[in-house]
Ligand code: ACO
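As structure tokens, one chain now follows by itself in the form predicted alone.
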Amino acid sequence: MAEIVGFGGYVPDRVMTNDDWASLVDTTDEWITVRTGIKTRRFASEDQSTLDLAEHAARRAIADADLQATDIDEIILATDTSEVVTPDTASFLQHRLGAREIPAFDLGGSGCAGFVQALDVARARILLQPKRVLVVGVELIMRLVSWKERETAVLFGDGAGAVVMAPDGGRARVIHAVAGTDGSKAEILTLPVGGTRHPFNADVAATEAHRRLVMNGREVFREAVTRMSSSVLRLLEEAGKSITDVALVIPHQANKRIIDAVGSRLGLDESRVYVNVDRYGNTGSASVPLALWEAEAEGRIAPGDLVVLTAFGAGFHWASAALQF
């Protein structure tokens, strides 16, 4: 089996309100709230990096599991905002935590689906060889996106979430997971400048093109709702469960309208869908583990509950997982 034995999360102290954004770009609190459901989000301080956010969440998860960093056998870190270009952020985290010389690697490029994909990978690793695996989702998005683009900048926030997984002794068992990719939709959500197709250069720096996130909002909305709802139904069917068995769905916190549409398509009332996008915005790969950490801490999950995680992200990737508490 593969079970979650510890939960952790972290958001920076700095709060950015919709009114704060209204002083920087042509927007209002009403415009943002109606379209996204977001009221506030958290931004990292100038002296914080992706590693710092990941470390806070990881240490909380390890402590919650009543373990030490030296007890961890593997680290999987999902992020699109890495500490440096190379090596991966997981290598820095392994050293910062004081872990042994264990396998540690990043899953990058999956956008907001990264953590659920990483959870599935960790589950497979544990079933292959019993071990304790630290799984982290972390993003420091506001260093990478332009603050001048109203349609995208107001959506995001910084944060991190983590779990420790083990073969047994946990509070939640990962009973099944599904994932998929439709690369034909890769262009509807992308940060295209800065790679080998469009390398970073002086012209790019002058225009800040490397910080311009391309997003086809209508297509992203349609694909997100379709992929998350369909993957949840597929997950439950393969696990021998039904939607009536589910106590709580924790979706990627991209947009309240997307969350509501997924809940409606699944036939769920609001009490069975966890939402914190109003407080943190879209925190990318951190979104699902951060919401899972909060839901568990708030007592929204009881022993015996079936909880479903679902997410979508650039790629166009999606993934869902079922947890039996």
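One-based numbering along the sequence shown. Only a predicted model underlies this, so the values are computations on that prediction, with no experimental measurement involved.
The discussion below concerns the form predicted together with this ligand, not included here.
- Within 4.5 Å of this ligand in the model of the complex, a heavy atom is found for none of Arg14, Thr50 and Tyr280.
- Segments offered: 62-70, 252-260, 42-50, 288-296. Contacting this ligand in the model of the complex at heavy atom distances within 4.5 Å is 252-260.
- Among Glu187, Asp182, Asp168, Glu151, the residue placing a heavy atom within 4.5 Å of this ligand in the model of the complex is Glu151.
- Contact annotation for Phe156: at least one heavy atom lies within 4.5 Å of this ligand in the model of the complex.
- This ligand is not drawn, but in the model of the complex it has a heavy atom within 4.5 Å of Gly313.
- In the model of the complex, this ligand sits within 4.5 Å of a heavy atom belonging to Gly217.
- Taking the partner from elsewhere, Thr27 is found to have a heavy atom lying within 4.5 Å of this ligand in the model of the complex.
- Contacts between stretch 110-146 and this ligand, counted in the model of the complex as any heavy atom lying within 4.5 Å, involve Cys112 alone.
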